[in-house]
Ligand code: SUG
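Quick heads-up: it's one chain on its own, the form predicted alone, in structure tokens.
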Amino acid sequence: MLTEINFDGIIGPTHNYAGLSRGNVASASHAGDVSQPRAAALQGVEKMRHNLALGLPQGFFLPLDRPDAKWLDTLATTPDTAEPHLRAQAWSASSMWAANAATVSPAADSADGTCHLTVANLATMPHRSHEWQGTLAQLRVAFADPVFAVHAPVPAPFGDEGAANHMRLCDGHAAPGVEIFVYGVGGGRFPARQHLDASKAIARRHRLDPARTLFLRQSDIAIQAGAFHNDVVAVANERVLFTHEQAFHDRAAAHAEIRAAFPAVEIVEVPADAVGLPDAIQSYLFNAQLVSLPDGGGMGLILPTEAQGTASVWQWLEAHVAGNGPIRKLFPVDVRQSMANGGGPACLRLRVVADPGTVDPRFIADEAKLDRIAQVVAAHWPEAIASGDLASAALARDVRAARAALLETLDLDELL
């Protein structure tokens, strides 16, 4: 039976605050802080437990091999001899944000009836640009069944950020939908990471119906305010588009295009005079998981506790729920370590519409498997990493051993 599965990235043992993500306000503001990889990973595990308890299918992806010595070798250096900025990029644990792993088009949307996944090239950020090889290898293991087609990335320099700049509207996850690609235009202080040519290439590759495929421009105001991905200012689920008033470059035209392509859409817009962009971005109001709750429970919003702690955001949300809007329940979760590095609940997950039976079962979560993951994390993940620790050869050996222990526990040694 086709259903939506959320695959969360397990936060890796090299989680650190190097401030590498230009345009990401949280990442920049915490640069140089001491990170807590063990706490971060356990927070991610608890989020997955929370979703399982709601009755939502849950999967996961594994951390990549870090520090990335192979990438440094292409730059004629090593983890021991690299300049500090290159070393930090080699240590990055940013693959934890699985929303950037790939763009996914369910089988119902493609002309060949196949679920297509195109791994993101993440070309605009050096620390992320070397993720795709490891991510592609993992996706090809998890989605090896012939009902899936897993594609290599669009070539650089056409930047592609995966599902973080992609939304889908539908009458039900298994029904044909309208896919929305949101791109940016460069020229400001912060870069536009998703390029229109990359989005169009993916739509062609996934064999999408042009009449049910939209390309909308993200607003420059949002990008320059720190909304480095569309999922910081908008999220969709089934018939609902939950969006900030300033998410799109031409709001009226964007809404008109969406309504023309999918007349059943319900646009839930948060006005800028109720929640300004700074509060929306700081709280990651829209970087939440908007999900359909089982057994007719309506829609719920799995959002960071920071949203609850931001007065304007929580006031708007409580009024919306009290007013019988489509979002019926609010579920704050603690992902503070990820938030401090610039990623909320939606960043941590990739949505795939599939029959769980067609996915490699080693990537599907249950309570027992999450217990095993938590045990490995508690035993092997570093408690803290300071910026100076990235030069430690001993720590490099420890984090590699930690990842190997997790892969062995989950019987995924082929990813070593």
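Bear in mind the structure is a predicted one, so any value in this text is a computation, not a measurement. All residue numbers refer to positions in the sequence shown, first residue = 1.
Form predicted in complex with the ligand: not shown, discussed below.
Mapping the unseen interface onto this chain, T103 falls outside it, with no heavy atom inside 4.5 Å of the ligand in the predicted bound form. Although the partner is absent here, A354 sits far enough away that none of its heavy atoms falls within 4.5 Å of the ligand in the predicted bound form. Using a 4.5 Å cutoff between non-hydrogen atoms, T118 does not count as a contact of the ligand in the predicted bound form.
When the ligand is considered in the predicted bound form, G184 lies well away from it, no heavy atom lying within 4.5 Å. By the 4.5 Å heavy atom rule, the three marked residues W97, H127 and D231 all count as contacting the ligand in the predicted bound form.
Comment: 336-344 is the region of 212-220, 336-344, 267-275, 315-323 lying near the ligand in the predicted bound form, near meaning a non-hydrogen atom within 4.5 Å. Taking the ligand as positioned in the predicted bound form, the only residue of 189-214 that brings a heavy atom within 4.5 Å of it is R193.
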